[in-house]
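Next up is one chain by itself, shown in C-alpha cells, the form predicted alone.
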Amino acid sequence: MDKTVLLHPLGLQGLHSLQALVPSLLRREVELALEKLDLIWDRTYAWDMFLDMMRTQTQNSMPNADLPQPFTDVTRAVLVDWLIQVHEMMQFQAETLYLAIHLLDRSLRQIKVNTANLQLLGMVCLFLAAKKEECLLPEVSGLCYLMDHTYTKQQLLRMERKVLCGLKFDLSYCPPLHFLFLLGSVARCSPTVAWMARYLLELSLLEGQCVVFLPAQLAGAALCLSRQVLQEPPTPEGEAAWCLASSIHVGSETALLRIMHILASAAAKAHTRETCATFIKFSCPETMHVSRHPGLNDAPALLGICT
C-alpha cells in the first residue's frame, strides 16, 4: 500500500492554520451543519470541534492493511458481516458498528488471538463499542446466547479485559459516518445520494484494504461515488455547495479515487457474495432500496475499471 495522502497540502500538523486556508463561507457552513446534525450544543465551539475531528481521525490509524497470520481479508469479512447482522438485530446506533469494527481492526494487530476465539473477539469489540455509544446494554448472557454458548460469560469478560489492556483503554474514534453526515449536509445532498453514500460507506467496513484510509477520505469517496452512480441533474446551487464540501479533502484526490475503485467493485458484486448483510440491510424501503439500484452494476465502468 502506498502512503495515505494527507487531506491538506500542509499536512494535518498544520491544522492550526486550517482556518486561514479555507473561505469563511466553509466555516459558516460547517457550523450550520454540525448544529443541524445535533453534533454540538453551542455553535461557538463548532469550528473547534471540526478541527478536532480532523485531528483525531489520524489517531490509531493503520499504517498498512496487513493482518497477522493466520487471519485473512476473507476471514475478517465473514466476521464483520456477522457483526453487522448482530448489530442490526440489537438495533444499536450506526456509530456503534463503526467503532466496533475499528476496535476489531486495532485488536487484531495489538493482541494475540487465535482463530478459535475470533468470534469472541468480534463480540467483545461490539460490546465495548455499545458501552461507549449506547444508553441500554445487552446482558452478557445474551451475548453468549448469540454465539450459541460457544463461549462462557467468564471467557467473554476475560477477553474484554485483554482487549482493553491491549488498546490501553483508548476507545476514542471519529467515525467516517460523522464526516459523511457533515459533508452531505454542506453539499446539500439529496436523501437518495445520502442513503447511497451510507450504503457504500458501510461496504467499506468489509474491505480490509480500506483500513489505511482516513475517515474523512472514506466519507468523501462514498459521496463522490454515490453522485456518479445516481447521476442526478446538477443545479448551479448544488454544484457550488458540492465544491465547498469538497474543499475539506483538497489534496487527497489520489486516495479518494483509490477508495472509489474499491467501493465500486464491492458494490457491483455485493448481491452475489456470502457476506451480504449490508446489501440486504440497504435493500429495504426505509433505505430507499439503494443497494438494488441498477447503476451500481455499472459503477466500475464509470471509473474505467475492467471487470
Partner chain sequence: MAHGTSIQYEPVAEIGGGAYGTVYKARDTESGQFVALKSVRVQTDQNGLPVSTVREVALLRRLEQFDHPNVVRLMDVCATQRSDQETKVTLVFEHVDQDLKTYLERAPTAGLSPGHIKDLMRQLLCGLAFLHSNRVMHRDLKPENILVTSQGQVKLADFGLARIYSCHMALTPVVVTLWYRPPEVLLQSSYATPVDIWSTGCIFAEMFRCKPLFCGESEVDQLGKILEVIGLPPEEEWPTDVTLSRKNFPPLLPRPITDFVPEIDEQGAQLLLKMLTFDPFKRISALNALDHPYFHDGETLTQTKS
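Residue numbers count along the first chain shown, from 1. For clarity, every value in this text was computed on a predicted model and none was experimentally measured.
The same protein also exists as the form predicted in complex with the partner chain; that form is not shown, yet it is the one meant from here on.
Taking non-hydrogen atoms only, Lys131 approaches the partner chain to within 4.5 angstroms in the model of the complex. For Glu160, a non-hydrogen atom is located within 4.5 Å of the partner chain in the model of the complex, even though that partner is not displayed. Interface residue remark: Val140 is counted as part of the site for the partner chain in the model of the complex, having a heavy atom within 4.5 Å. In the model of the complex, the partner chain lies farther than 4.5 Å from every heavy atom of Glu239.
Shown here without its partner, the chain carries Phe127, Leu164 and Leu171, all of which come within 4.5 Å of the partner chain in the model of the complex through at least one heavy atom. This chain is displayed without the partner chain, yet in the model of the complex the stretch 149-157 from 215-223, 149-157, 69-77, 188-196 comes within 4.5 Å of it by heavy atoms.
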